[in-house]
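Just one chain follows, in the form predicted alone, and it is written as structure tokens.
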Amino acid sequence: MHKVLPSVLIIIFYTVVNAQDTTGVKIPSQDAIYTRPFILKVNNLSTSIGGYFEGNSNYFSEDGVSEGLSFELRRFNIFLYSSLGPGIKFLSELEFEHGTEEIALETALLDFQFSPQFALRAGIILVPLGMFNQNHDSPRWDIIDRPLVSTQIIPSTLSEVGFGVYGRFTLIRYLSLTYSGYLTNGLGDGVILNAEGKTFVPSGKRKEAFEEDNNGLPAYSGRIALQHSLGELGLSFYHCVYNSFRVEGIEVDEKRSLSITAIDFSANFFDFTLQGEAAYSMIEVPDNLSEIFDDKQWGTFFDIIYPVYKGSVLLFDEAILNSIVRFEYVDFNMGRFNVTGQNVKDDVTALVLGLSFRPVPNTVIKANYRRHWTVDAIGNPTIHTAGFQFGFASYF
């Protein structure tokens, strides 16, 4: 056995490195913002405009009750990129959600790339927490809804003002190590003081964070990853003091911190694409709220993608039809009730089945069936939600 195992590992590694990408989404996370199609053919010292948009239909029922069929134009995003000189790049992204219901400047950054091993970045940046937050463009994904863990535990899309460094080191052929680290204005009081009535990290995002920190203590985040040409394994973290413990220089409360750790991966084995992410968060809450607001949460998702067909379809010479399975789980409260000692539930399990058709790599048509099993904090009967979604997404 000890003689066979090294050979098996070598074969698996060779297969991963030389596998063919079948989805059009396998972009190394650190490189994702600069591998969009509107940038790839830009000459030096020039400016380019691009973007993407997505829309879909929804038909869901909850325990047999449905509101019927509806349509939405979920996002319309505009990119602006400019090469200002050797190693100096500007990139911004303006996002319109549901028409003009919500408008946000998601990215506006300036990079100074001194070498592949070292670069400075400043502005509104995508925090390097997990795989999805930096590589979330809808045309790259074959499922309509974003992963629950990536939006509920990791509050993607998480953009914050700050600065930091990043770089890449080549270890051996086809294998490199990337790193990034940033100081930013962090999340705010909404982590616990929110309309959800529970610990909910996404509610900590605030528009004022683009103007100033709410307590004068920057958040810090970072990610390291092993990358080859078609896959990566990453480990990342995020830490901040989220509450406004200091008002005009005077401390009025205790400091309460929030930490999130994430691990992510993507790889191709033969024609299968596997990708996933898991995150664990720890949140300090006031003692008098510990019965309601939990201090530990976690979640995960796992995708399996397989190309059912590759070839010519009508006008498209290299079309791909993918089948997709996604498993998801999030636990919003990992604790116990102080009085009874009973486990607090408050979790969601989800399964998604789907097909996606890519007539060209940067355009995708998606059909998904989604099912959720939701259990509330006190363990009432499970709520069953199920439905169909049909949608599209495309770069331009």
Partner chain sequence: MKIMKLYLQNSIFRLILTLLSSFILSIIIISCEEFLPTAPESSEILNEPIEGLTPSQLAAHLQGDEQFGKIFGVEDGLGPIFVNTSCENCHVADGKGHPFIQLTRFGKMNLDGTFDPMTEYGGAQLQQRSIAGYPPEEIPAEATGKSILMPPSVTGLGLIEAVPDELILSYADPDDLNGDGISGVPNYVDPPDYFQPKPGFHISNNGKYIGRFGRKAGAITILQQVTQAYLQDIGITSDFLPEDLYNYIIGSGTGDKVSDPELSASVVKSVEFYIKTLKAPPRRNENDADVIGGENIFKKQINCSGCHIPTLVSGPSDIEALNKKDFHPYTDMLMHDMGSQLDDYYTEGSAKTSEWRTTPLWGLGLGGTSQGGKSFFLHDGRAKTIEEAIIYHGGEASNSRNNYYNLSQADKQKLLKFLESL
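Positions refer to the first chain, counted from 1. Since the model is a prediction, treat every value here as computed from it, not as a measurement.
The protein also exists as the form predicted in complex with its partner chain; that form is not presented, and the subsequent description refers to it.
Proximity to its partner chain in the predicted bound form, defined as a heavy atom within 4.5 Å, holds among Y179, F90, Y306, F112 only for Y306.
The contact residue chosen from G216, G85, G197, G99 relative to its partner chain in the predicted bound form is G197, the criterion being a non-hydrogen atom within 4.5 angstroms.
The candidate spot formed by S48, E54 and Y395 lies out of contact with its partner chain in the predicted bound form, as no residue has a heavy atom within 4.5 Å of it. Comparing 69-77, 116-124, 250-258, 169-177 against its partner chain in the predicted bound form, the single stretch with non-hydrogen atoms within 4.5 angstroms of it is 250-258. Contact check for W298: every heavy atom lies farther than 4.5 Å from its partner chain in the predicted bound form.
Within this chain, S312 is remote from the site of its partner chain in the predicted bound form, having no heavy atom within 4.5 Å. Proximity of Y81 to its partner chain in the predicted bound form: non-hydrogen atoms within 4.5 Å are absent; the residue sits far from the partner. Proximity of S290 to its partner chain in the predicted bound form falls within the 4.5 Å heavy atom cutoff. Contact annotation for 352-390: residues with any non-hydrogen atom within 4.5 angstroms of its partner chain in the predicted bound form are L353, Y369, R371, W373, D376, I378, G379, N380, P381, H384, T385, A386, G387, F388, listed in sequence order.
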